[in-house]
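Presented below, as structure tokens, is a lone chain in the form predicted alone.
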Amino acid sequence: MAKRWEVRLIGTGGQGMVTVSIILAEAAVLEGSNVVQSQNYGPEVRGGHSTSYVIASNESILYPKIDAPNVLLIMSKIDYRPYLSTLAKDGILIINNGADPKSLPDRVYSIPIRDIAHDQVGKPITANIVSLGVLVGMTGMISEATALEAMQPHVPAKALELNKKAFALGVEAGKAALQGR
């Protein structure tokens, strides 16, 4: 049976969502998937709206636009509710905050990604790698080993161990969020 992943990442410039989409796409290629990756963002380098897209499939990708993502991750502080109607029937929406899971609809998961990066990793700049871990932990879209392999060229060598820690904490948070439901 064919599996097609459609992932949309929403944030602001400087949060690293484009980097996450590139790592996710490269990892999917390493695992043999056909992949389309793209992004769009406002004219501001930092602080402007940013959206990245990844489609990965074991079949040909004939239509490279995401209409109904399987996974939608929102890092910026925007209202997630308008996005619920855009999700695939079995899709999940991940928001970056610490909201009580009982107060959220079934397909919405609140994970304190920035807090994990700040409090547990000790470097807020690693929030993007935490979010990559959350995606891998929740979806199994790619293996953890392949994600780490694809991540290495995109982080400074001197910060590799720190980013591995951020990734592992993200995977753990993603798996815990699923178990909490």
Partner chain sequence: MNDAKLLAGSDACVFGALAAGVRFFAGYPITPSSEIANLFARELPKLGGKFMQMEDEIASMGAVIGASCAGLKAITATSGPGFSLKQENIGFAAEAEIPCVIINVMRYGPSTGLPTTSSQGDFMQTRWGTHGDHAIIVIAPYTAREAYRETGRAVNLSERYRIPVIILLDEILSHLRERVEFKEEDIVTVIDRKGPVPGTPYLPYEDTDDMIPPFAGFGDGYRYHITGLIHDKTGFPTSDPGTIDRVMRRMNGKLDYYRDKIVRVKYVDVDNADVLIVAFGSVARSAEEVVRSMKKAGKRVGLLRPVTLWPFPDREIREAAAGKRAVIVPEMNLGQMVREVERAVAGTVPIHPLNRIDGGLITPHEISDLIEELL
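Positions refer to the first chain, counted from 1. It should be emphasised that the depicted structure is a prediction, and the values quoted were computed from it without experimental measurement.
As for the form predicted together with its partner chain, it is not shown, yet the points below apply to it.
Participant: Which single stretch, out of 127-135, 23-31, 145-153, 112-120, brings residue heavy atoms within 4.5 Å of its partner chain in the predicted complex?
Facilitator: Looking at the partner contacts, the answer comes out as 23-31.
Participant: Please determine whether G48 contacts its partner chain in the predicted complex, using a 4.5 Å cut-off between heavy atoms.
Facilitator: No - in the predicted complex, heavy atoms of G48 and its partner chain never come within 4.5 Å of each other.
Participant: Might N70 be said to contact its partner chain in the predicted complex, defining contact as any heavy atom within 4.5 Å?
Facilitator: Because no heavy atom of N70 falls inside 4.5 Å of its partner chain in the predicted complex, the answer is no.
Participant: Taking any heavy atom pair closer than or equal to 4.5 Å as contact, tell me whether P64 reaches its partner chain in the predicted complex.
Facilitator: P64: contacts its partner chain in the predicted complex.
Participant: Looking in the predicted complex, any heavy atom of T139 within 4.5 Å of its partner chain?
Facilitator: Flag for T139 set to no.
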